[in-house]
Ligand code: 2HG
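There is one chain below, alone, in structure tokens, taken in the form predicted on its own.
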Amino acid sequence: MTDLRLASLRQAVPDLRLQTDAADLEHYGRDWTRRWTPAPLAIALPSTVQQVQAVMRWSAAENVAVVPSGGRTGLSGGAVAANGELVLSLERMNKALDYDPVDRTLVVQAGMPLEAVHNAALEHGLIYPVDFAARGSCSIGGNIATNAGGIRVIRYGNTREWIAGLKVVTADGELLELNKGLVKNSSGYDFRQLLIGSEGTLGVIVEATLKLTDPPPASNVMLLAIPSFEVLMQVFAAFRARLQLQAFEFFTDKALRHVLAHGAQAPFDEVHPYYVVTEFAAGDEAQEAAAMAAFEDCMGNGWVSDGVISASDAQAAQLWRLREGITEAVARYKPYKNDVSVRISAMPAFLAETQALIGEAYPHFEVVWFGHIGDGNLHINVLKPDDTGDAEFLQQCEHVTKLLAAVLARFGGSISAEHGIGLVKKDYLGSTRGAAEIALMKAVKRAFDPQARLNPGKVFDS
């Protein structure tokens, strides 16, 4: 630790935990993208809001860029530190601070893992409903910074809907208390909503006041075998018309094959090209009958080839593993990921055009599809062959992403549904947002961070 800037940081924040070992720099300097070589200056691990403020004041004085860091489970390079930045990890700030039974809110520190938030809410007989597969390792601060979605958006919406207040440290070390848990607040601009989804470029989220809600009624999980891509939306419409859906997820036979290779149990004797896992309220006989009616309607129309319904919580977990295990199962192939969305009503036409584009563009690559059909979000994972170099693979994938971005622009869709823009998708931001809109984004960035020290190079180049 010979860098004079780190010596001054030690002096400015004497009790700050600071790590500079090579293994720590690599671990904290990257996220799940694994595309950039991490090269941070050091890793700061504050334990209090006051330490975060002091670090940001030091950053301003020394003009050192800072990358806020949570669980680093992101897939867009938003937490990458590859250019000598200080990584500001919130992982030690990981506690629940307060619960209000009247407001039904939970105040938590930003480094608290999502699964721990779920457990804290359950202790009070309530739930925090945002959920996804990385729940055990992602942090609530990172979820807020990317407006994370997940598997239950169809029922509960994105993270944005569940944030009643934020505490944020600015680039200059000031502490902002945003909305303070109010239900109604029309007193000027709502910076809370601006900070949600800002990917650490406008401020460091240190605390959040989360809304909680009642647990859902008893539910069942059903796995459906689908004969063709074209009937997915008919199946969705049939189930949505009869049931209170909690989730409606699809994946392909290729995705299932990888998950089975990781130890999951095959759900059917035969292989089918597409699958849907759906969860729905099933608290009484009428709801269970409605589920069977939806299934039989789809079978009668030839939209579903087979199905299985969970008979226990353990079986429900097994069925969900087939969907939630995909990302881990394909990780070794260094997949190139597209996370895109369109309006639900545009899904049939978009699916048809995108499937044709991907099939033609990647004749020699394996493409694994899955996604949240119920909210218009598709995940397209292109797996790198072992005999293809990283640079060649990336070049081919980027070419296809340009074509995909043009299709999304025609459909009024988004190049990033829930992963954020980060480094990976910033060249395609213009396919989703207009020039005037991006200019205003840059003006907002300058207002919050005039020296461009907060997560520089992410979302756009300042």
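Sequential numbering from 1, following the sequence displayed. Quick caveat, the model's predicted, so the values are computed rather than measured.
Absent from the display: the form predicted in complex with the named molecule. The rest refers to it.
- Backbone and C-beta atoms of the displayed form are kept clear of the named molecule by more than 2.4 Å after its pose in the predicted complex is superimposed, which defines the site as open.
- Contact annotation for residue 272: none of its heavy atoms lies within 4.5 Å of the named molecule in the predicted complex.
- Contact check for residue 369: no non-hydrogen atom falls within 4.5 Å of the named molecule in the predicted complex.
- Although the partner is absent here, residue 384 sits far enough away that none of its heavy atoms falls within 4.5 Å of the named molecule in the predicted complex.
- In the predicted complex, none of the heavy atoms of residue 117 sits within 4.5 Å of a heavy atom of the named molecule.
- Out of the listed residues 202, 75, 106, 206, 75 is the one that sits within 4.5 Å of the named molecule in the predicted complex by at least one heavy atom.
- This chain is displayed alone, yet in the predicted complex one of 220, 327, 341, 159 has a heavy atom within 4.5 Å of the named molecule; that residue is 327.
- Only one segment in the set 180-188, 259-267, 122-130, 370-378 has residues whose heavy atoms sit within 4.5 Å of the named molecule in the predicted complex; it is 370-378.
- Residues 418, 419 of 416-451 are found to place at least one heavy atom within 4.5 Å of the named molecule in the predicted complex.
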